[in-house]
Ligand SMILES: Cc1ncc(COP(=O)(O)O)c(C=O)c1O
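Shown here is one chain on its own, the form predicted alone, set out as structure tokens.
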Amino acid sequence: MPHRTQRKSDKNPAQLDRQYIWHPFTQMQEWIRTDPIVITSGKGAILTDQWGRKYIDANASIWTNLHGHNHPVINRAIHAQLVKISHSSALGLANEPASYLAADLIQMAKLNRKRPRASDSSKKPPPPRQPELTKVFFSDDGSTAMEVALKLHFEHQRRTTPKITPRYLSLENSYHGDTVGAMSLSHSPLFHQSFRKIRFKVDRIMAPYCYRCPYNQAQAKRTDARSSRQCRWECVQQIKERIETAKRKKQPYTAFVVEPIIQGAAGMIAHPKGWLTKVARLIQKYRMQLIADEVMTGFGRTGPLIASHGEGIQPDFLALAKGMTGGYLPMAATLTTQAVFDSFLGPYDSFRTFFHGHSFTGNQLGSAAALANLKLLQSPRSTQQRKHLEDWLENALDRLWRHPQVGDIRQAGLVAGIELVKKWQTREPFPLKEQAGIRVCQALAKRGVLTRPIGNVIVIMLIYTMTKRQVDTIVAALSESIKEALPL
């Protein structure tokens, strides 16, 4: 029988959960009608519930876990730090692990600049400018990392070009967090419509959503939407026109905000290859700054350790979170340039300080976990394993095209989104009230696989230590669950 912590109450944890806990992004009226799965332990990619049932963690514990649960290397690192000190303030004090971590993050975020071959130099446009990231500001989670980037850009812009009011442009359906500033940068009607009156205005622009793009002339086929793109990059042209219009009106944009390579909460919208490079050239041309939200895409999720680097792009602000500690502890960081840092320097009474902070900034336990995580990530073994996983996932997903309800399969590295539709030929979406994605995930849970949908999109997020058998099991269970939950 699984171990259970002794409690004075004889109530089942599921009962206590329903009685006292308010869950995020959850309709609680429906939640309290059934017993939730209560997780009590984990090992590798496997989670175990209070009754001893085992599940594959197919969304990496909401996109945070990298090397598996209970990893001995990270466990040892946390324990070694715990016997020293768990936390001390970063306000007026420094600490060892946070200092080492900041240095390692800066090293990880260095872009490997490859010189173009002489034969290519005349054929390709020059790459966008590549700012150097030199400073790290620690915080607690993805929302706060983006809040820091937003506020740093705002103050830097105000101080260096005081005649220009900072203005932001971001993609439709984007999601950058739930603090007020991060919500303002986002354009997710489902998540943020309720709070529209407390958000400040940020303009939105067309996202490169190839599967549902009105300009994409590719016929609906059971193929990867990115490889079947047939357009003239109208989405990039719209960004250019919007920026130029704002400049003519003397209300220029000063920053562009994006999740590089794939938009997570928008429905795992994978951007076509080359899109980010084209946009970065526009950002450079119009002297804007690029804010990269790599809260989900960072730390190898899409292949390279920094997703932007996959297209040779270095942002002015880099927000990291989720996988920073390997899925162990809440911790985040915002990396930026020396120029931004310098704009906050001055005498004590100049009040040029960055007036922002968190009680647990630079926490020692989180830093120790993150240091161990980075060491594992950059090992040859982990790098090779991630490449194998990417190939295994791509091959396994191919079998899902046989389902009439599978409209699109989008994969970027170890991330996949399977968009469910009523019929693949028409691409007609299921009404949200039918809970197609939820029903499929419920059927998956019965088969020992846990994940969480985004509307009609089933998310698969691999843990880096998964085996080929586990990847095949996830996709096979998904195939069976689609048949069960969405019968023709």
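Because the structure is predicted, anything quoted here is derived from the model rather than measured. Note that residue numbering begins at 1 and tracks the sequence as displayed.
One more form of this protein exists, namely the form predicted in complex with the named molecule; it is left out here, but the text below deals with it.
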{"query": "Stretch in contact in the predicted complex with the named molecule, which is absent here, among 407 to 415, 290 to 298, 239 to 247, 131 to 139 (heavy atoms within 4.5 Å)", "finding": "290 to 298"}
{"query": "Residue contact check: Trp63 to the named molecule in the predicted complex, 4.5 Å heavy atom", "finding": "yes"}
{"query": "4.5 Å heavy atom contact, Tyr175 to the named molecule in the predicted complex", "finding": "yes"}
{"query": "Interface membership of Glu259, the named molecule in the predicted complex, 4.5 Å heavy atom rule", "finding": "yes"}
{"query": "Ser143: touches the named molecule in the predicted complex, heavy atom cutoff 4.5 angstroms", "finding": "yes"}
